[in-house]
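One chain comes next, on its own, written as structure tokens: the form predicted on its own.
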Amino acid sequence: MDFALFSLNNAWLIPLLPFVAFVLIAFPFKNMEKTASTTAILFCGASFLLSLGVVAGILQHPELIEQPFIKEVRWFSMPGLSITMGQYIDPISAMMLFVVTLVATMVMIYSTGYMHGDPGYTRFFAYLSLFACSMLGLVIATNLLQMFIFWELVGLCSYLLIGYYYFKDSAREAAKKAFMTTRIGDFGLLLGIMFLQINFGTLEFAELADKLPAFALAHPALITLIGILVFIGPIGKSGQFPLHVWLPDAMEGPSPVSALIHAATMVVAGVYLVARAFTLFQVAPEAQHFVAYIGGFTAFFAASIALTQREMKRILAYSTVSQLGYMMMALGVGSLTASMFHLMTHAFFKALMFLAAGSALHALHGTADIFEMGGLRKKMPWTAAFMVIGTLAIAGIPPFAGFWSKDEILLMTKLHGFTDLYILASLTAFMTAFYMSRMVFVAFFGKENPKNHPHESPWNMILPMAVLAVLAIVGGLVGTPWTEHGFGYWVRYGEYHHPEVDWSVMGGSVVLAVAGISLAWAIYGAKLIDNEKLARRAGILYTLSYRKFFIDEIYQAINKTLVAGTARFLYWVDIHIVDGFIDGLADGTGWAGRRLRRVQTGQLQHYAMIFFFTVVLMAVMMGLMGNHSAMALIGGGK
């Protein structure tokens, strides 16, 4: 058996290996720092090699595009319900396995330098291993219940890692915020899963794909409702409006965690779920349009906030929200290929930028404000180069990876007739190029801050960034319009159509990207325009952007008035109505007991008299109800 075939047959080992690493680190190696990190890297690296084997197996078997390679065993069954667990391998899951294991391995190698000397070193690597296991288990799930279990494990791991510095109030609050916000989405997803089980009798992706078209014809409104309920889960997990508020605060975790969450695990889980359930949205066009417009608005909304933010990781966080909006929009307009392509390239350059940001913050001892940095290019040339590469990729400058995938999304949005979303996405592309360039010009090319004494990071932090930088440059070449049987041939829904070059879309996106970079250079590089004067002229628009449209304040007000007010009312009902009723019953029972206690005299004649009057009373009652023999008994008759 060759390695590719072995990997296809044993893909379940890919999530299992990081889990074994988690167990080893959590127990026998918990006090052995170097052994713990080495174990995490080796086991995740082994998963990466198996993932490469799975990709090779897919390339050798094109029939798996239409007929996924499924292996499963029965987990449990009861009347009306049979649940299996197993592995679902097709080009989409193969791509995800490759991306997740690659980024996770790079993040772990990087973390050996970044987390050096941290008192929770082994705990950190245990969490990272469990995080990788959870996401990989989610990727190969054969049904929605299996996916939901790993979905929740991903949420748990993000909670643990965002709150890694648990001794800081801000970290604890950010972890709770992420956990609670995503629970809202998870509740909607759970309802959608229950609707699917009730109406279809199965949660298997393959079986659902067969049953959905006929059901959708008979029940169009119900299938739309189910689609929207299922999508509420990804709204929370992938930081879509209005449940995006937890994602920027998740920066409280260590920078490697941010790279993993934003590039390959937590936030892309929602996009992947929509892609895996794509057949559901295909037969529910209203729900699919809902996905498209939520995604398009989120992309624009988050980019407009990122324009004025000052903290480096927070700028990157809002760019993640915006790029996730792009991916959702692509799924909503009907292009699985464009969404997954951007997910892959985004993982490369976003992980790169977060690791570069971590390198800068590590050297500046936590200084987060880009206007307090400056001149990092001279002291940290490798980090600066990596950040520039990531910026060019996300800005959409050819031939960097982000250009090809973003161009594919813009093209599909236009071709499928969503002109309004195409315009919105184009404006977002311009803003993305502007705010990312602003960050680079200020932090890396700006005037040096004499208070700072940065130094370049060690090799174990540089090497992973170098690998991701190469992929951020060339990773998009697998999906260019000139590539025969490239990314779109393998990752698609329906028949394959070779993409045509649309020079107006391609040229327009490049012009917008260059215009955004040029404007940022004019304001923050050459200082041809006074940025403070510009902010004053922008007035309320600047304030809205800087204050994030007061969404957090609105949530706090809702929480303080509606949620807390409802809680106070329910507390009053509980104390005065529910408890009052129960207390009344208890008091009544006590009162009756005290009265009845008086008949317990211990004298036989009293008991006989009570017995006699009771018999008379019963006879009278029976007589009144028509039983004449009872009256005869009292009267002495026969």
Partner chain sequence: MALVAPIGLTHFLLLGTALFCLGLYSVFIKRNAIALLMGIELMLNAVNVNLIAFNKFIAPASYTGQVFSIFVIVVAAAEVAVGLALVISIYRDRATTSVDDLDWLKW
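What we label the rigid core is the largest C-alpha set whose atoms superpose within 1.5 Å from one form to the other. Being a predicted model, the structure only gives us computed values, none of them experimental. Positions refer to the first chain, counted from 1.
What comes next is about the form predicted in complex with the partner chain, which does not appear here.
Trainee: Check each of N31, T589, Q67, Q600 and return the one that places a heavy atom within 4.5 angstroms of the partner chain in the predicted bound form.
Mentor: So the residue touching the partner chain in the predicted bound form, by this definition, is Q600.
Trainee: So which of L570, L59, M609, L49 reaches within 4.5 angstroms of the partner chain in the predicted bound form, heavy atom to heavy atom?
Mentor: The option sitting close enough to the partner is M609.
Trainee: Tell me which stretch of 592-600, 23-31, 49-57, 575-583 has a heavy atom within 4.5 angstroms of the partner chain in the predicted bound form.
Mentor: Among the listed stretches, the partner-contacting one is 592-600.
Trainee: Any chance the CA of Q67 moves 2 angstroms or more between this form and the one not shown, core superposed?
Mentor: Shift of 2 Å or more: no.
Trainee: Superpose on the rigid core, then tell me if the C-alpha of Y571 is displaced by 2 angstroms or more between this form and the one not shown.
Mentor: Stays below the 2 Å threshold, so no.
Trainee: Align on the rigid core first; then say whether the Cα of F27 has moved by at least 2 Å between this form and the one not shown.
Mentor: Not so; F27 is displaced by less than 2 Å.
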